[in-house]
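Form predicted on its own, single chain, as structure tokens, below.
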Amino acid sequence: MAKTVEHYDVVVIGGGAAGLTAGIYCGRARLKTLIIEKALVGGLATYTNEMENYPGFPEGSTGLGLMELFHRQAKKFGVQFKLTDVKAVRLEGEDKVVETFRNEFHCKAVILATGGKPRLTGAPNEDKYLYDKGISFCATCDAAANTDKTVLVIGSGDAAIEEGMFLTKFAKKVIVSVLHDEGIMDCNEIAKGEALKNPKMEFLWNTTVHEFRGGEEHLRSVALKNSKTGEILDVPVDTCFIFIGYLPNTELFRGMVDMTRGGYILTNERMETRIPGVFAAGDVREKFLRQVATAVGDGAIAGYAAEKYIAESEMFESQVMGESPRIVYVYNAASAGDRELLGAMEQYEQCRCDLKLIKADVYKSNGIAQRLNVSETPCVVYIRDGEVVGSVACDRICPENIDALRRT
């Protein structure tokens, strides 16, 4: 069956907080933008009952309510949505392709915002109590909702112990299930020492999750199995927090973009991957903190960077790489010396009527400079017949040297 072909400026893969924010920025820039989400628009944030740390909502908000606002704002700016699964991508080259079962979407830029998923224990009934029914993966999100309650933390790595200590600020008791012998944890020694001294923390050593138990509506207890004795201990809890790792949804992009061993996508501060025109944002990135607030920041940068990439690509083809002779003055508007030389370059153009001057400011974006392999400013690049002939930079820039370059 032939697939329907559609063309967009930007395709965002993933409709969580990062993807929605990127879509808002691209849509507002009047780019034809598509967001593809395979499950629920809003991503994992929609499963958070109480979100009290997102700025601008002093009374708090539900994750679902907040993501609905994001969704409405994206649609306001003309962003289109497809609720389907991405089957394949072709990211190299100027024409990028995102394939679903029925469609083939061609675009100029792609933003990878596929997020991730917490690693699960695999114990019986786990799926039954995920998120709003008693199993949580975010202490920062759900700590306040567990004020004066008893909670269980699964895991003993840095995240588990640090989040467990954060929970003690709210919960009446924090019980920690540790796989190892007494005194052995996977976290750093400082966190371990502080946790062991915390009067609100209780440790159950050599235990793993045997079963999640409760009614139809909510988790009631977690059955832990002692790995040495085989004993099953039923632990009554209000909420169970699982911190045994996180799995980014990046299988589709393996071998295409650079990743860590754990599968997180590597980007620079502009959310750029190693492939021009391909960006990543949100939980899918290698980063320090994964929260809605940081996902929004990533998405804003990725959307802005995608808009700049497309604009610079069009400028590069239509203005920079023309057939008629031209010089490109690459400069930084924040540099007084570069600004002063700009006037001299404009005078140089006026004296040579057969030459066109193109000005490329790297202050906000260095895309044109990168395409011309210019790493320092100021720099003058001479182009003839659509090809770069040569360049002169810094203190070598003068009419005589530019003229010599043109005679090459």
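Residue positions are given as counts along the sequence shown, with the first one as 1. Model, not experiment: these values are computed from the prediction.
Keep in mind that the form predicted in complex with a small molecule is missing from the display, and what follows is about it.
In the predicted complex, at least one heavy atom of G115 sits within 4.5 Å of the small molecule. In the predicted complex, at least one heavy atom of E50 sits within 4.5 Å of a heavy atom of the small molecule.
Although the partner is absent here, I358 lies well away from the small molecule in the predicted complex, with no heavy atom inside 4.5 Å. In the predicted complex, none of the heavy atoms of L342 sits within 4.5 Å of a heavy atom of the small molecule. Contact with the small molecule in the predicted complex, judged by any heavy atom within 4.5 Å, is made by just one of I275, L252, L233, A333: L252.
Just one of V209, C141, M259, M165 comes within 4.5 Å of the small molecule in the predicted complex, counting any heavy atom, and that one is C141. Only one segment in the set 184-192, 284-292, 302-310, 333-341 has residues whose heavy atoms sit within 4.5 Å of the small molecule in the predicted complex; it is 284-292.
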